[in-house]
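Form predicted on its own, single chain, as structure tokens, below.
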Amino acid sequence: MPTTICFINQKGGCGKSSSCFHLGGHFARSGRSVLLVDADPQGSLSQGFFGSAAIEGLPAGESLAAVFDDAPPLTTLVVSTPFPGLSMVRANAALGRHNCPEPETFGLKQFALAALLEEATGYDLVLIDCPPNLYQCSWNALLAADFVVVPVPPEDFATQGLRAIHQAVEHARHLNPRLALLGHLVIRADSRLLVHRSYEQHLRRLYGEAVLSTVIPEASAYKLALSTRTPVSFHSPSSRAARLVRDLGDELLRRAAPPAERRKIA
């Protein structure tokens, strides 16, 4: 079975979709088989690969929304991206009506995504992009995942909801005991700004080793690659931006590996 990682934060614009977009590209380019799951009704990750027109017009039955209605086989929802080894399950606004608060009250619908991903054999990694809330879609991701990554821009608004996320992870562990926090990812950081340096230091004081060592800066290379619908590891593989994504991917794999395997990966 693949290693499944969900990317979650209650605030929008924190880099969840871009993390999945560029990491998915890196892992695929390194020879791994990767499945991306867009669990956000905004469909940003899907649009990143296929464009807004194609995703906005996508029938609900071909999107993640279908798992809450009909429980179709995974193979009917997975599509290939233009990049070898990288596939995805798309989403758009049709998913919005399923993204309800108090997801624990919805019975088996809590496990819709987990049931879908039980069929995800043949993949090395599954990366799930969550919406900016802790409603049904994020809750489903927590119950389906092995690990959680919390992208956090080093700013006040982005750090305010971390306690609620930690509580949600602990709550989800009652139903998904294998779930673990892989780390907080400092992202969209500008080392020239004192406030960004201060917030990063504050995060590391608060959470210690739970903050990933790799920091992803605010860099035009990521936006330029996204504008061409191409993960940075394919768009400009020798760039510093691609190297940092590679470093992040390596760190995530080390942390996700069983203790006996970590030295081999290192």
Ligand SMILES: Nc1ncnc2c1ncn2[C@@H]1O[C@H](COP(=O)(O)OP(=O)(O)OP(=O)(O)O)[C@@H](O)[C@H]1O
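These figures come from a predicted structure and were not determined experimentally. When you see a residue number, it is the position in the sequence shown, counting from 1.
The same protein also exists as the form predicted together with the ligand; that form is not shown, yet it is the one meant from here on.
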Checklist line | Stretch in contact in the predicted bound form with the ligand, which is absent here, among 47-55, 221-229, 202-210, 65-73 (heavy atoms within 4.5 Å) | finding: 221-229
Note to self: Although the partner isn't part of this model, could you tell me whether residue 11 comes within 4.5 Å of the ligand in the predicted bound form, counting any heavy atom of the residue?
What the structure shows: yes
Notebook entry, point to check: Would residue 132 count as touching the ligand in the predicted bound form under a 4.5 Å heavy atom rule?
Noted result: yes
Checklist line | Contact test in the predicted bound form: residue 188 vs the ligand, heavy atoms, 4.5 Å | finding: yes
Note to self: I'd like to check something about residue 217: if you look in the predicted bound form, is any of its heavy atoms closer than or equal to 4.5 Å to a heavy atom of the ligand?
What the structure shows: yes
Check: Quick one: of 30, 33, 239, 42, which gets a non-hydrogen atom within 4.5 angstroms of the ligand in the predicted bound form?
Finding: 42
